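Presented below, as structure tokens, is a lone chain in the form predicted alone.
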Amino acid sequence: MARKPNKVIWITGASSGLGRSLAIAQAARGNRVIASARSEDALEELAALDANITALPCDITDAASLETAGARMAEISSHLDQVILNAGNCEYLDFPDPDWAAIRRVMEINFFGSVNCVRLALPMLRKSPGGQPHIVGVASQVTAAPFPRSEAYGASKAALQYFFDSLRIDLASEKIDVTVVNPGFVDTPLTRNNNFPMPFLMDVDRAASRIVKNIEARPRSYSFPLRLSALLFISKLMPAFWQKMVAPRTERAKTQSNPGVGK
């Protein structure tokens, strides 16, 4: 039996990993969740878990797909109270012969895809009956320090952080809050492709629970775990030492690029 929804929340990248766990956690709180991703089958399986979850397949990098999704979303609900922009991907650059096109592919999803979603969501957020709509952008702690092979992923998340920080200022007069979430390493299908140590790796459901709990206060940003934040601060205090510590070995630099990192 469906519970009475408290908020209407749109979550992107909800077919697996952190987005899926966020959708389940928010629905368990009695919120109505509109779950989006490209995989229709995975979304239908997710929606079957809770009557408060509605599947809305779309490709956030495709204008036609987003237009269709926007029309469908308006049929599902007259408004949005919160959006959690979580969709993302990662490709590594392997020197001395990197695939430079990977930067554009990653930016299209991580940055421009999120911008597309903000543009789509704003009119419905402005209709929130609660009067305090909320945009949550999932970035990454990777932006706190340079990592080898992470030029594409790190740049996309850094761009996303600046976009949301600036957006927060422009939307303040409308009482639309903006929160940037910076997770560390979370155990998801994406990070399982990583072939390097991931300090303080966190279970995906635990990470989702932390996010859901902490964004309730609508902070400007929320980074976790704090132990990783402290470790990454070394890069600012001692940048030369950090470079030596994380510099890729020749063998690693020659490996083929794999999707991974981040959430």
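These numbers were taken from a predicted model, which means no experiment stands behind them. Start at 1 and count along the sequence shown; that's the residue number.
The same protein has a further form, the form predicted in complex with a small molecule, not shown here; the description that follows concerns it.
Looking at D50, you'd find every heavy atom of it more than 4.5 angstroms from the small molecule in the predicted complex. Among residues of the shown chain, P189 is one whose heavy atoms approach the small molecule to within 4.5 Å in the predicted complex. Using a 4.5 angstroms limit between non-hydrogen atoms, I60 touches the small molecule in the predicted complex. The closest non-hydrogen atom of P133 lies beyond 4.5 Å of the small molecule in the predicted complex. Note on the partner interface in the predicted complex: the residue among S39, S229, S235, S209 having a heavy atom within 4.5 angstroms of the small molecule is S39.
With the small molecule omitted here, the record of contacts in the predicted complex names 81-89 of 162-170, 81-89, 143-151, 120-128, defined by a heavy atom within 4.5 Å.
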